[in-house]
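Here's a solo chain for you in structure tokens, the form predicted on its own.
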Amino acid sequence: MTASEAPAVEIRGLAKHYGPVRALDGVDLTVEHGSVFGFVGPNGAGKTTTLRVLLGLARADAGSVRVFGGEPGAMRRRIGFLPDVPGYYSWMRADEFLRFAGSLFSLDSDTLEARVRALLDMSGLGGVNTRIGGYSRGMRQRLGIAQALINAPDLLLLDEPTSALDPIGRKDVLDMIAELRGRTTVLFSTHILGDVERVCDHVAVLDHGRIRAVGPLDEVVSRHAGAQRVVVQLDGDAGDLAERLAGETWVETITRALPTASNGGDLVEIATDDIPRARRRLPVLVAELGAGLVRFEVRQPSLEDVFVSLVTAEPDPGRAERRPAESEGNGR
């Protein structure tokens, strides 16, 4: 395979230790050109350490890391990066900061000015004359992505880009990421699973320094989510229904949620691999109990189901030990 045909990111057997603690323990990961790739895991899983190795900011103890077929250090001009807490000169305006960032890549003045204008428009900061010190967190994150794109990178690495943002700020940042699909390969780490479901086509789940699942998002969910779930809501107490369901052979697990102001009635969630039987049997049971059926819903498995299943599973012998949060510098 030639460098031009190589994946955007190819990691094999990556290991990184902090003293006796294994931060990364045999990570294998491939990110293809043009994808928006979600790199998810709990805090301390090793996400930031992986990004630092990709950037050439940390040295691997074992394994290989290739970016577009080359060594990470040799590919820095093709990479854009946004850390989880970007730093700025607070007295600058957005256009001044982008010109400063562009000057680090020795861009000619015409190219730089064209990119500054385009990125300010893309980030929604065109015409904003407020100095960066007065920006909201969402504005800072959007400016950070614009800065990471100033060199027109082929690979954009984002570390927790929506962390601590309000819903509007998160939407703005995710919209920017979605616009890059097919043009720039995006790899972003996060523990906000809804963000991945919204914009990513591929995902990898990292836990205790090991990849627990990887692949196209829909395939990962279908492969690891386990049994489907049916949600039944009654207009009153669901205790009798839960008792009857406990004796049904097609029911794997039963979870009961008490009424709240938002749901207005008892909820029972049933895990089963026999949805057709659930559709036939549940209304019969509800009718036999003389209860009122308010809601019947087959809930599609989600990335959250996969994530919870994988990261709460019993660790394998020899699995990477969870390191202290400070070992990765920022706890991610």
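In this text the structure is predicted, and so the values were computed from the model without any measurement. Start at 1 with the first residue shown and count on from there.
One more form of this protein exists, namely the form predicted in complex with a small molecule; it is left out here, but the text below deals with it.
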Legend entry - Contact at Gly46, Thr49 and His191 by the small molecule in the predicted bound form, all three, heavy atom at most 4.5 Å: yes
Legend entry - Option from 285-293, 59-67, 269-277, 35-43 whose residues, in the predicted bound form, bring a heavy atom within 4.5 Å of the small molecule: 35-43
Legend entry - 4.5 Å heavy atom contact, Asp195 and the small molecule in the predicted bound form: no
Inset, instruction - Classify Val21 as contacting or not contacting the small molecule in the predicted bound form by the rule of any non-hydrogen atom within 4.5 angstroms, answering yes or no. - result: yes
